[in-house]
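Just the one chain here, the form predicted on its own, laid out as structure tokens.
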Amino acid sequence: MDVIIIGLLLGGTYALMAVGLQLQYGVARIMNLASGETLVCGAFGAVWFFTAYKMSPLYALIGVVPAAFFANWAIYRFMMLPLVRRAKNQGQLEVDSILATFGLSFVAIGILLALFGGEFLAYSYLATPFSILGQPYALNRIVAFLGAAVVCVGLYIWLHHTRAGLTLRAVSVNPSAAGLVGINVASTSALAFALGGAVSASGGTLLSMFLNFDASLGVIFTLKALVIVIMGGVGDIRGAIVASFILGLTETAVATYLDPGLTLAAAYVLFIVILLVRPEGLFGRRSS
């Protein structure tokens, strides 16, 4: 039971980084290999805020989320949009965006190293036990899970019950057809990319309450987000959330019964299995 509860708590927080990448890739068609660095920036923002002001890192979300939103909007507007306009097909855009964001990730790592150094940063917040079914679990993990649940549920409702959300989903399904009915595809894609960055940064803020971070850790979270997006199905928020729980449970089981050092290897094996068995993902549609 411990493995299940800890896996669910971890998976719920993973959902934020996966949903962020899902919006960027599923709607804006940008495979952002710097999404992990966005998450690390959110974590470092929370560490700096807690250290400087001795206040709840949850308050850091007030600054981290808007900052990540506008930074990612600027990245799309001035870096990604020229690549989108020159790409002759989706394959070329994916290659160009992978190369561009791969380089962007190194730029972000360099900036983080210059600002915070190369050591691991952490702080203690709500590191007190809370009983679930008679067993104690860290309260910070529970708070992070609840925060992630609020963001994911709110985002799902917004996407499916508002006109703006309908616009994003239309672009995700068919950008060309969306443009024919009067949707500004470029602006909608910029919104999705910016929103995805904001969601990823909020995930870093929540994860910082119980994980240690350093400037080079972003690549690991990018890999995990990719595993989750591919597993769940590109363009489907539900799939990303379900796959996040699967990855969280898998990592927890491997860490508990085998070795904590094998968790990343387990994520990679899971990624390969999904690509071989069901490349369209759990909720994806098979291409005809």
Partner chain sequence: MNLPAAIALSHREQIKLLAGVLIFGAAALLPFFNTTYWLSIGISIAMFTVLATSWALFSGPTNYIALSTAAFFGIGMYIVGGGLPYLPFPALVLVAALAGALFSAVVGLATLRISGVYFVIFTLGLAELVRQVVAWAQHVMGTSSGLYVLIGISDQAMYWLLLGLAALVFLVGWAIGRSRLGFALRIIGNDEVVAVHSGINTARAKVVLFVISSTFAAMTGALVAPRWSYVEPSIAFSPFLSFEVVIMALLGGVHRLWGPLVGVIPFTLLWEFISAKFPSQTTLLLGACFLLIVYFIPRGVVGLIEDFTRERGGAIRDLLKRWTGGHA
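Here the structure is a predicted model, which means the values were calculated and not measured. Positions refer to the first chain, counted from 1.
Quick note: we don't show the form predicted together with the partner chain, though the next part is all about it.
- Note on the interface: of 183-191, 147-155, 165-173, 112-120, the segment with non-hydrogen atoms within 4.5 angstroms of the partner chain in the model of the complex is 112-120.
- Proximity of L223, I230 and G261 to the partner chain in the model of the complex is complete: all three residues have a non-hydrogen atom within 4.5 angstroms.
- Site annotation in the model of the complex: the residue of V219, L58, A67, V242 reaching within 4.5 Å of the partner chain with a heavy atom is V219.
- Comment: the partner chain is not present in this chain, but in the model of the complex one of A71, L83, A138, L159 has a heavy atom within 4.5 Å of it, namely L83.
- Shown alone here, Y125 lies farther than 4.5 Å from the partner chain in the model of the complex, counting heavy atoms only.
- V95 belongs to the set of residues with a heavy atom inside 4.5 Å of the partner chain in the model of the complex.
- At a distance threshold of 4.5 angstroms between non-hydrogen atoms, F130 is out of contact with the partner chain in the model of the complex.
- Residue contact with the partner chain in the model of the complex: L211 places no heavy atom within 4.5 Å of it.
- Along 17-48, a non-hydrogen atom within 4.5 Å of the partner chain in the model of the complex is carried by Y25, M31, L33, in order along the sequence.
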